[in-house]
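As structure tokens, one chain now follows by itself in the form predicted alone.
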């Protein structure tokens, strides 16, 4: 019996060094490697005469007209040259630093070459092609060849060999999460055929057949998981909150809420009056006022005699929520308590005592809220900020502090509504699609690095007017990207300190201790720093109304949604604000992303654009939302397959709600594995 969870290092040719590289790709077992699908394919199955080759890579079969000649251009550079001919013409072939091929490349031998031909007539040439003797079995030529996503240090040939060894190790046993009845109804290929042909297609038709099986299976598992989570939501009773509306709360505000905010609050209050536990996502663009909508819900629950908890991903964000909610709820005599990891033991004891006795009706904090010693008297509402920072398990851990409390999730990641409904399958979705009056439009510009000096003068001008500046650099692991032209946050902070000697410049990055990072961020919020240079740690929620300029270095390294989130850190006060995207990228797709950001401040329009240009990858980072990453399916292009998968998932779960039948055992196990939820919780 094949052990698909066996460590990848036992396979021939892998070893410790390459295993470490594979782990960067998320590959550490046999199961991982066979599920690490090629990102594209090259059709090297059709021969092309030399004379008929265009500018695209082609496969030619040609005889060597002479022995290969070796020359050394300089130290560390060797050229191996040979001339090859077929019935239609000839080509000069050059190999760089591959002198080991010299003994093979002898006059009269016939080879298959795959590569790009350049030049014309007698001057046709080919550089570093893949090659195989015509008498040898087809491996790198003469077939459809997979092309894998790689990290530095790994080659396509190694990945092909490793995938082949892993497939051989599996024998006839491959992952199979589809009930036999579903596979038969949908006329899908068997797992063995699908896995072999997704890596090494026998033909274009076989590849299509394999893709259809694996895409459907992935979306079917996804659909089953969402339906199971939805069923959990639907069956659990929840505390009945008797508040009919939020007019009293809105009347105490110094401004009028938007229609979208009122609608989101009304939907949440209706859920909480129903007697069933609410699971609702409030999704809104940067600055749309999600916190106000959450505050109205917190007011309603506290006013009904119950307790609430609001959890934020960082201490500084928890502190900001604490201050905001304290002001909003003060007219009603509701005083929150703060609970974070950095509080003193005495402060924690006092906060915990107030929550346990019921004296405090609202707790605001970080992950400290889900620690074992936190007890509530009657917790009825849990609010989590920035859902993508919390997995399903963390959300559940806070919910377990009460008896099926209502759950409200706030997310500022704009996602097209159809995708949001798929992504947050266990949540109902409210969208706040209006910005409050007076919210600043952030003027956005894309410039090249030649504008650096002018940009420095602009920083000085704004700081001279009393404003503050964010500068964001991409998070770079030098051993992965190996590009010395890309400054790290620390290097860029040093450059700015030298270029702008009169300004107070600080640097924050993800490798710092949380305590040190929070201290620097807090100093920036207080106005003690002029320029904050950072990695994307500023992306989530930090509110600095005095910040009027966001500069994003090497902006093409970020997705549209992330760029929009970063831009949302400025324009939060009364001052005119700007976002400058610095990029020397020539890639048309990268330029199109930056131009789209310059055209609009509407996060939902940008999300649709990002989905169109890049697919859903930007929304589905590794377990970003507590849901599985897609390995082969694309929620943008495979929407019709998803519909079929959802229908089949509905049939299976209607017949066997607990997936207790033997034919559903593999599916049940897969759901537990993906979502890290116990079987009892799923049932």
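Positions refer to the first chain, counted from 1. In this text, rigid core is short for the largest set of C-alphas that superpose within 1.5 Å between two forms. The structure presented is a predicted model; accordingly, all values stated were derived computationally and were not measured.
As for the form predicted in complex with ligand ADP, it is not shown, yet the points below apply to it.
Exercise. Hey, in the predicted complex, is residue 258 touching ligand ADP, heavy atoms inside 4.5 Å?
Worked result: Yes.
For this session: Indicate whether residue 437 is a 4.5 Å heavy atom neighbour of ligand ADP in the predicted complex.
Result: Output for residue 437 is yes: heavy atoms within 4.5 Å of ligand ADP.
Exercise. Is residue 215 one of the residues lying within 4.5 Å of ligand ADP in the predicted complex, judged by heavy atom distances?
Worked result: No, residue 215 stays farther than 4.5 Å from ligand ADP in the predicted complex.
Exercise. Does ligand ADP come within 4.5 Å of any heavy atom of residue 290 in the predicted complex?
Worked result: Flag for residue 290 set to yes.
Exercise. Heavy atom within 4.5 Å of ligand ADP in the predicted complex: which of 594, 286, 531, 582?
Worked result: Among 594, 286, 531, 582, a heavy atom within 4.5 Å of ligand ADP in the predicted complex occurs only for 286.
For this session: Counting non-hydrogen atoms within 4.5 angstroms of ligand ADP in the predicted complex, say which of 494, 116, 263, 572 makes the cut.
Result: Among 494, 116, 263, 572, a heavy atom within 4.5 Å of ligand ADP in the predicted complex occurs only for 572.
Exercise. With the partner removed from view, which of 291-299, 271-279, 335-343, 164-172 is the stretch that lies within 4.5 Å of ligand ADP in the predicted complex, judged by heavy atom distances?
Worked result: Stretch with heavy atoms near the partner: 291-299.
For this session: Would you say whether residue 128 is displaced between this form and the one not shown, judging by a C-alpha shift of 2 Å or more on the superposed rigid core?
Result: No, residue 128 moves less than 2 Å.
Exercise. With both forms fit on the core, has residue 171 moved 2 Å or more by CA between this form and the one not shown?
Worked result: It does not reach a 2 Å shift.
Exercise. Once everything's superposed on the core, is residue 250 shifted 2 Å or more at the Cα between this form and the one not shown?
Worked result: For residue 250, whose C-alpha is compared between this form and the one not shown after core superposition, the shift is 2 Å or more.
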